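Before any questions on binding or motion, here is one chain by itself as structure tokens, the form predicted on its own.
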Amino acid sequence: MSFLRYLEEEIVRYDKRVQKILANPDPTKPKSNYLMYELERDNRISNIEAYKAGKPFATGLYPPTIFKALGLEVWDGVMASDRTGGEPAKRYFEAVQRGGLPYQVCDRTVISIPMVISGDCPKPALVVSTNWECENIPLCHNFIGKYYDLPTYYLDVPLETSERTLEYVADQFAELIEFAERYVPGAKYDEDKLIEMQTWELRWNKAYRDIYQLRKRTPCPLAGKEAFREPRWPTLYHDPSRAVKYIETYRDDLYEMADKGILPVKEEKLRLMWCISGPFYDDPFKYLESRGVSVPWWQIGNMSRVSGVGSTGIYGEEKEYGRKLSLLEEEARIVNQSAWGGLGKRWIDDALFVCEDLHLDGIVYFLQWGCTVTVGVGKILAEAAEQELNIPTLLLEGRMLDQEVYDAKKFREQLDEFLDICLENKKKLARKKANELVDKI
């Protein structure tokens, strides 16, 4: 019954946040924040109901639209560990060390293993592992499949996108559906359900596009923590319609706050991009705002593509391929355009596009321990940003959940030194531009 206890604790935690916001609303934060916590709370309540009813859970596929179309419940395994902190995270880390698990890999993923072993996750009926995600996540999903001896399907996503690779991945989705129907009791593919799920995903992504346009304003009306809010797929939730209602209300709140002049930074001195992750046990964004620094953008995975920037499309659009895609091709397009599972050039190009589009003055690149996908690309991005956009990058090493190695004083000093560099560089670029204008006259 450990899983039920875990869910009950989650429900209490989220309900406390809801009550705190409703009892003392903060006018400097989106009013809809309580809707987010209500959504998380009620999703855990739905998890309990599904678990007690013996409904089959599936994990490992993002977005989980195919799971929904198969009539399966969704367990966001690695994302659940991703949001663990405080005493539970400490307990899981101790279990990692006791069990001889690799301690220095990405902490936001490895603790999903002790969560499984301790029974804080449900035993799934199906696991999908894919290189669409960062390398550590499919390894964790592989572990879950082997630990429980479960039906496990590996989705192979090519590094580059084309008509050929689109067809290749779409064919695998068709195989996945057949695989699930054969090996998971009660799984039955419903095409109308997939259409419904894609409709919710489209509305969610459109809201993120609207929010992206808001990031272009100066001063940036989004607080750094808002930029750092990870985009979740609405189909991860038991009721995707509520998830979409939340994100659209959240978008409207941000626009209303911006129009009223409720800004985290009144006099914006710098605009930075924050990459990958950060110390969840600290708030560097509040500190940056005290220095007059906005963080309009957080670059992670395929976030820029979800937000509709660049040349990639979302459900129903004909951007890349110039034709209407089939339902399974639409799913293939989403995983095909992931920056996690693609070439490093895709990651670099996405980041540079956003830097230029949002007129950013620098990049803070958090070198998350054990992130095999992004750590090596950090220096390459720093060089490209310097050469192509004349903006500096701060490479910061750290962990997201484990604060044992965190030195707050050193962290602040590194940020301060970098901000001074960015300010001087911005002045230098402004002088250069002014001289160029004079020369033209």
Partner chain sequence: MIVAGIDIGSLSGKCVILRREDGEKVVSSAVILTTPDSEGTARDVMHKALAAADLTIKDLSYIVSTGYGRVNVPLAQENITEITCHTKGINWLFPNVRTILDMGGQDCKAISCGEDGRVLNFVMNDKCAAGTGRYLERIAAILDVPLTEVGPLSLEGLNTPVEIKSYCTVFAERDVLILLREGRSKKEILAGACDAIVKRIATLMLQVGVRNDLSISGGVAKNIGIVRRLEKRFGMNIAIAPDPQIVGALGAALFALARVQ
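A quick note: this is a predicted structure, and the numbers were derived from the prediction, not measured. Numbering follows the first chain given and starts at 1.
Below, we refer to the form predicted together with its partner chain, which is not included among the displayed structures.
Specify the contacting stretch among 397 to 405, 29 to 37, 66 to 74, 52 to 60, defined as having any heavy atom within 4.5 Å of its partner chain in the model of the complex. Single hit among the candidates: 397 to 405.
Give a yes/no on whether Phe353 approaches its partner chain to within 4.5 Å in the model of the complex, heavy atoms considered. So Phe353 does not count as contacting its partner chain.
May I ask you to state whether Gln414 is within 4.5 Å of its partner chain in the model of the complex, using heavy atom distances? Gln414: yes, in contact with its partner chain in the model of the complex.
Give a yes or no for Trp369: in the model of the complex, does one of its heavy atoms lie within 4.5 Å of a heavy atom belonging to its partner chain? Yes.
Is Leu429 one of the residues lying within 4.5 Å of its partner chain in the model of the complex, judged by heavy atom distances? Judged by the heavy-atom cut-off of 4.5 Å, Leu429 is well away from its partner chain in the model of the complex.
May I ask whether Ala207, Arg217 and Lys286 all come within 4.5 angstroms of its partner chain in the model of the complex, judged by heavy atoms? Answer is no for this spot.
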